[in-house]
Every structure is written in C-alpha cells, then in structure tokens.
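Okay, here we've got a single chain as structure tokens, the form predicted alone, with questions on binding and movement later.
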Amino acid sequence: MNYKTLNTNKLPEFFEKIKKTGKTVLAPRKKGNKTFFATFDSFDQINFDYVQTALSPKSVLFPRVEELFTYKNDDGTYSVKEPELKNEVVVFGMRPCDGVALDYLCDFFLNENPDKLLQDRKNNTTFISLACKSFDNDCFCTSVGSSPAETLGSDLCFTDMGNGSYYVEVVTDKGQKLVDAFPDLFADTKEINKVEQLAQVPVRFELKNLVPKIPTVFETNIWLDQSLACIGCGACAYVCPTCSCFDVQDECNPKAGTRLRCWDSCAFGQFTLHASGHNPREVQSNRWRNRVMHKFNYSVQNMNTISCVGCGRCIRVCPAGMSIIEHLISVEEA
C-alpha cells in the first residue's frame, strides 16, 4: 500500500480533472434531511457533514433494476442483445463499512459462478472511501470486526487529518492509476497513525460469543419475540449494502421483450412461496430468523465471513423501530 497526501483546497480540482477524463463522479448530496450518492455540477453541492448516506453505493455494481438482455422476434428469427457498459465511474465519499460490503458483494457474485455484468461494472468503477470522524447510536462497525477507517473494498481511502489535508491510502492498482493520473495534486508521505482523527465507535456485542451462539437458538422463541414488531416491509433489505436477493422477470410481447433482474427480499412472504402453495417460511418470525441466520451463520459457513458490516441503515429506516443491535445482544445473552 502506498501513502499520499492531498491538500483539502485541491479536492475541487481533483474532481474537475476526473470529470474531464469522461468519467462519471458520484458523491454524497443532501436531499431533504438525508444524503444520497449522486452526480453534481459544482463542488459546493457535495455534502461532507453526514454520518452515513441513506443508501449505499451497492446499486453502482448491482442496480435495483437492470437489463440482462433484450430480444426480438422478426418473423421467427430471434435476435438477442446484451446491454452495453456505460462510462467509467468514480464513487467518492462512501464510508469504510460500505467498502467492506462491496468486497463481500463481489465475493458473493464473482467467486463461484462469476456474474459478467457485475464484473464489468467493478472493473470500470473506482471507489474512494472517506474515513469516519463521527458516528451515531446505530453505528456498530467495531462490533462486526471492522473499523471507521477500514480499507477493505476501497481503491483509495481518504482521512481528513484536520490540518487542511487528507491522508490518502492507495489500496489497489486501480486507486494507484487514479492517483498517477494527477501527480501534481498528490504528495508522497509515510504511513501515519490516524487513530486520533477517527470516530471512536464502541463495541456493542462480542462477535466471538455471538457467532457460535446463533445456531444453538434456532428452535427457540427468541425469533418470535424479536419479530413481533416486524411488518415485513423489506425496507431493511433494500437499504442493506450486502443483501443480494433478486428476482428475474420478463417484460415482453410476441415481438420483443426484455429480461430484467431486480432486487428482492427474504422478508417478503412470497419470497419462498412454492408453486405447490407450500411456503417453508410462512410466518414472519421464520423470515426474521432467516435474515439474522444468513448474516451471522450461513455466510460464515459458505463464505467464511459474516455479511453484516454494522452500517446501521436497517435500524435507521425501520418503521417499527426494530434494532438489530438490540436483537443481537439478546441472542448473545440468551
């Protein structure tokens, strides 16, 4: 890993130079009282005063709805057209927990049966994380083995040092390529201890105790107790940066059609409904249990990692006020 510094007052120039190369730049922008990743026309539209964006940059690699291919029927002769890749993208300002989530997402989609669409997007996207200097009660990255300055999944990691400069960790070759494109903006430096500049997120539960405990309470009523408030809206899954459930649908007529992949959620009652009418997870407590088991047990078995990064979005968005932190603590103490 290489280390650089970038003067804060040179950040607008950095963005403008990236734009001139033809790349699309996404950065945090405020809309109402929430912050989303979006394009921008001027530097002052970027919001730096946020704990977490409402949505992660997951959709850059795994869109909410994406075209897999289109097809046409011309008097019995069929033709199929795959989507063309758009411009290269640079995502600036994601939190380190989102970088960890992207690393998991790529492992999920690319490890065993590589997904070409996601691979192409990954190859054409550079992710720049911004280390956390603040947090709220819904943040728990340190409880799931991460930190406010984790570099996993990022190409570059920026840390505001509070002295008019950013400490830049060059994590990947893709990040190095972006830095090398603008040598007049970056200065070499040695590795710096940045702990004092970071948010001090408390540990809420002990992962080493929780992970082995979860499968032992599978048949208990703890899931029923926790799920009584759940209305099955699926909001937690739609804001989660690691959820990967999807459905495939065709929109077509006798002459042409499009095959689409769209996000889905195991929180929905019809997600596991069989054509026979049988539903192996017919009640909400079973669906809630599956969500927690997937994050902290099934992904550990299948991918040797938990699939929760502690971003807290599911807590902030839940209309019923459910907190996965509280639920995990109750499981740990069960």
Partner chain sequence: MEAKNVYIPYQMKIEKVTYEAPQIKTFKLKFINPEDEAKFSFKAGQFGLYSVFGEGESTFCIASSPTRKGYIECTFREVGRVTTALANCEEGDTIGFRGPYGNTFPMESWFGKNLIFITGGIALPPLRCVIWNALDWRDKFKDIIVIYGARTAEDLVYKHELAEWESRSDIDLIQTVDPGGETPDWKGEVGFVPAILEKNPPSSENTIAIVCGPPIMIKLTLPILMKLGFPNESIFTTLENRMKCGVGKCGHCMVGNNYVCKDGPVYRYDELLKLPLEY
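Bear in mind that the values here come from a model prediction, so they are computed numbers and not experimental data. Residue numbers count along the first chain shown, from 1. Each form is matched to the other, and the largest set of C-alpha atoms that superpose within 1.5 Å is called the rigid core.
Omitted from view is the form predicted together with the partner chain, to which the following refers.
S.K.: Report the residue, out of V80, A181, A187, V211, that has at least one non-hydrogen atom within 4.5 angstroms of the partner chain in the predicted bound form.
M.R.: Residue within 4.5 Å of the partner: V80.
S.K.: Within 4.5 Å of the partner chain in the predicted bound form, heavy atoms considered, which of E112, D74, E206, E191?
M.R.: Looking at the other structure, the residue within range turns out to be E112.
S.K.: V248 near the partner chain in the predicted bound form, any heavy atom under 4.5 Å?
M.R.: Residue-level check for V248: yes, a contact with the partner chain.
S.K.: Verify the contact flag for K133: yes if a non-hydrogen atom of it lies within 4.5 Å of a non-hydrogen atom of the partner chain in the predicted bound form, no if not.
M.R.: No, K133 sits far enough from the partner chain in the predicted bound form that none of its heavy atoms falls within 4.5 Å.
S.K.: Taking the shortest heavy atom distance, is F69 within 4.5 Å of the partner chain in the predicted bound form?
M.R.: Yes - in the predicted bound form, heavy atoms of F69 and the partner chain come within 4.5 Å of each other.
S.K.: Taking the partner chain as it sits in the predicted bound form, is F158 in contact with it (heavy atom to heavy atom, 4.5 Å or less)?
M.R.: Contact with the partner chain, no.
S.K.: Thinking of K17, K23 and F43 as the candidate spot, does the partner chain come within 4.5 Å of a heavy atom on all of them in the predicted bound form?
M.R.: Not one of the three qualifies.
S.K.: Pick out the residues of 255-281 whose heavy atoms come within 4.5 Å of the partner chain in the predicted bound form.
M.R.: Counting only heavy atoms within 4.5 Å of the partner chain in the predicted bound form, the contacting residues of 255-281 are R259, R261, D264, Q270, F271, T272, L273, H274, A275, H278, P280, R281.
S.K.: Hey, does D75 budge by 2 Å or more at the Cα between this form and the one not shown once the core is superposed?
M.R.: The answer is yes, as the C-alpha of D75 shifts between this form and the one not shown by 2 Å or more after core alignment.
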